[in-house]
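First comes one chain, alone, set out as structure tokens in the form predicted on its own.
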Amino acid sequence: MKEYIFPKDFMWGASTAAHQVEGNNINSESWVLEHLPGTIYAEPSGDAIDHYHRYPSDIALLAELGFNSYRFSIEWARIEPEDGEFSYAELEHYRRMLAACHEHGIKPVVTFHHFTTPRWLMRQGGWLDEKTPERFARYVERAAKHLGDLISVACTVNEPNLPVLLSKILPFKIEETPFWNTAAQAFGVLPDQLGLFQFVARPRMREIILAAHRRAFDALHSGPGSFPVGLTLALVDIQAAEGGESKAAEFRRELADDYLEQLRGDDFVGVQTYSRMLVGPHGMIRPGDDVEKNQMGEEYYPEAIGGTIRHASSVAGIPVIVTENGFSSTDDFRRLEYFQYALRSVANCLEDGIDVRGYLCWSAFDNFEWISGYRPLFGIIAVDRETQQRSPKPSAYWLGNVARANRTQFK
């Protein structure tokens, strides 16, 4: 056995997103999409796990387990429910969340946009409208004015490259489904003007989102507070199968490098990884029936995090925070083993001199996983959604003990 001691002040924690845990996010576009006729969502989010009201005990539980950081998002659709109309009550709610983190010795890692967008913005074209960066920066500036002195780390937007990744993985094109036309009608726009953050894989969308990030980056550095600012990316460890080197390089450029190169000079990049992608001469090679997979159909490959950390660091040239990494399964023992192998890969990166500042798993709780509903179980803490009772799993205790000690042993 080899013992590894992580750097002093290394961030250890778990992550969530507001819409996935808070419940009743009725002013967001996702709430609308979940309730459309013929929706592609398996079920509506509903009360979720009621984190909106239960955050005091949830944050206390994370601290009790041994974590020193918690990544969560504040909800734009709550803070600005109508164009230019800001809710002081909601800003105060999130200020109380931040204060609760500090009371328990937890660094709040705040994401300002984690997929969900106010309904009113979608009626104006959403993330395909050229005015969206300005509107996003206005929201970020207003929220930061109220909350900035309590923020430890800020992520502007979550996974702007996800639509491009989904275009490679999903066996169908969402924009070609009847659901897309229904959604466009619901927001009163033409189908080609429906700028849904999670689903539109067009170069124009990337330009608008990265412009919004840049505007938000500057707003957050204007104060109050002083904290590192970055964004997070959905990264898979792209590996070439025989004859697939050229295609793998093409995928790497499209899925990662086109974004990472735009982040040079930022304070950090959030790396979010779950598995690898094998690429042959004709494209992605899906894992066969003999390959162990998570509940999302991705290969069990915890070492992927090492590959994506290395690639992100080499291309962006900035520090890395692992802001999501995990395994969806009913078998928590396999999740625990996943963390063990993943952390060994993180430690190897650190030993090689790569600047990794923290490891935050996905996710703190079993929660709403977007179009997949509540079936995928990523959480290190189980939730009975009838009673909302929380039950930490063995993986939570193991990872929390590693966090408390800031060290672990590898075989």
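Worth saying up front: this structure is predicted, and the values here are computed from it rather than measured. Counting begins at 1, following the sequence as shown.
There is another form of this protein, the form predicted together with ligand GCO, and it is not shown here; the text below is about that form.
Open item on the list: Does any part of E324 reach within 4.5 Å of ligand GCO in the predicted complex? Heavy atoms only, please.
Closed with: Within the cut-off, so yes.
TODO: Answer for F378 alone: is it within 4.5 Å of ligand GCO in the predicted complex, judged on heavy atom distances?
DONE: Close contact exists here: in the predicted complex, F378 approaches ligand GCO to within 4.5 Å, heavy atoms only.
Open item on the list: Can you tell me whether Q272 touches ligand GCO? I mean in the predicted complex, with a 4.5 angstroms heavy atom cut-off.
Closed with: Although ligand GCO is absent here, Q272 would touch it in the predicted complex, with heavy atoms inside 4.5 Å.
- [ ] Would you please decide whether F115 lies within 4.5 angstroms of ligand GCO in the predicted complex, comparing each non-hydrogen atom pair?
- [x] Close contact exists here: in the predicted complex, F115 approaches ligand GCO to within 4.5 Å, heavy atoms only.
Task: Residue stretch of 46 to 54, 379 to 387, 347 to 355, 364 to 372 approaching ligand GCO in the predicted complex, non-hydrogen atom distance within 4.5 Å - done: So the stretch in question is 364 to 372.
Task: in the predicted complex, the residue from E159, E80, E175, D237 that sits within 4.5 Å of ligand GCO by heavy atoms - done: Only one option qualifies, and that one is E159.
TODO: Scan 18 to 35 and note down the residues that get a heavy atom within 4.5 Å of ligand GCO in the predicted complex; none is a fine answer too.
DONE: Sequence-ordered list has one entry, Q20.
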